[in-house]
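Just one chain is shown here, as structure tokens, and it is the form predicted on its own.
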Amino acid sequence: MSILASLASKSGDNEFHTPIPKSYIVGKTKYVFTFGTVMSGLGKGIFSSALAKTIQDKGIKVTPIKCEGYLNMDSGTLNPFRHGEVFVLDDGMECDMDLGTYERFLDNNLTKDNYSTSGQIFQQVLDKERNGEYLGRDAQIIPHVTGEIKLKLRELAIKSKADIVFIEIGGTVGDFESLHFIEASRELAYEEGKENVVFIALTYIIEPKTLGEQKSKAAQLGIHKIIEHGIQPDIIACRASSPVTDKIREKISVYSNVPFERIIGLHDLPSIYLIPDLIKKSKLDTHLLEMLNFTNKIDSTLEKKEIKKWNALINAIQNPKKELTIGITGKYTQIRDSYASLIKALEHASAFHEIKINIKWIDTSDLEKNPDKTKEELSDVSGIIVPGGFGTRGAEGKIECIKYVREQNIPYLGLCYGFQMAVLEFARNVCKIPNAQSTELEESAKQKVIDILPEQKKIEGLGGNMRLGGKDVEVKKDTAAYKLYDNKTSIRERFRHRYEVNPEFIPKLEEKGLVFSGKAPKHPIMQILELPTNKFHVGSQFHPEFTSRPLKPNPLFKGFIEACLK
């Protein structure tokens, strides 16, 4: 009998373990942990997503979870400069951008169950302590915090009915912030039985230009750090700028006690969508399933179908027939991760049209100081996108860009904030409302064309100051949006915003030719705008980039790129 089976048979009062869920079956679900060593930014989420996809392609049900060390309850208040974009799930959870990577690779909608922070875990422990569940005992990191982490993983296994749960431990091994997650990983392997758990260490092989060769010492020390915490890696993935040599793999193997064939190289590639093929060539997916005794569950027919579809995507990415330059105007242009989903959505649409997109980043803060430079900045683009954002900085520069492309009939796509800025531009320059403004930009403005609606103010008073997550959108027939969404009158997209088009101004905007082709069902909340006189001038209050997938590009991006090609 495994240690977990022994624990499950008891009352649940064991001092060092949390109660095991009654519906839990020992060994039914397998667990694959991915840890990062040496440095941050290695791409643990991308690697774990790609590996999970190769396993899913074989007919094995998988689900991921990202465990973050910070004390925030979610990612909603994190600055894009520091942490990349905030990705929003359909259920409204604001989370790490890696959840977007998992959704895109696995083509699945995830939930709050697939995301955990230290803040969430500690809150659950404190709530239980206040409710008297630890009477007579002092609440501690071990067993209570680690127990809560293990309970979350097992509950995810039950809810998802997954064969394998892929767990990504955020941060870098050695950080204080993630120690409790690492300890919980070790305990879970002990309780579940090592045959049901695989540990993967992602490390980095440096290649100093002055030496002209790869060096493994930093990787060795990083791996040694994780072994110090009681985690013996079963597989080591070596990130590097160029293909990892066998000499380096041999050194890592000897130092870490990991078989040579389970030390794989992950060098830089032109697209993250090439990584599943690299994993298959290294036979990492085969090694993983052998270790978990899952080889008898492989569906070879399904795998061949999925590989064929994915290869078509790769072929389109690697062999574009044409190139386009698309301008993206924003204020976080120095940090590409701030627009990760947007960049990926453009990749999906470009692969669909078999083209290559070159992105021109335009800092609208500069255009505010020198609006006359707008024409020069946009002279070489085939279309522009104004993405989501918050605050006043760069707003007037964005409006100048929108005015230029509207007048020059250059394709435009506005996302969330870009939707609102397009309304302001139209109100000022076409409807001749010179003081048209957004409450976000000027709280005391007289002409509040963009405002917080009364309904939203009530919500804000209760503490939830955003419309978040998946919402239905009612699409007007015989509009551009209607055609783009395959003649559907109802679609579902994801939102993250506070401000809306003020209903008082809608009649005047429509009178001058602006069409609101999408709205909230039963509410005067405008969600899609278009200008029929232009070949493509569309804005969405939602974030279509959050629902775009490699093999299923979002319709708005497909239509935008098609217009740019024409």
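As the structure is a prediction and not an experimental result, all values here were calculated from the model. A residue's number is simply how far along the shown sequence it sits, counting from 1.
What comes next is about the form predicted together with a small molecule, which does not appear here.
With a 4.5 Å cutoff on heavy atoms, residue 390 counts as touching the small molecule in the predicted complex. Put simply, residue 496 is close to the small molecule in the predicted complex: some heavy atom of it is within 4.5 Å. Of the heavy atoms in residue 368, none are within 4.5 Å of the small molecule in the predicted complex. Residue contact with the small molecule in the predicted complex: residue 440 places a heavy atom within 4.5 Å of it. Put simply, of 416, 223, 266, 169 only one has a heavy atom within 4.5 Å of the small molecule in the predicted complex, and it is 416.
The candidate stretches are 497-505, 530-538, 514-522, 42-50, and the one lying within 4.5 Å of the small molecule in the predicted complex by heavy atoms is 497-505.
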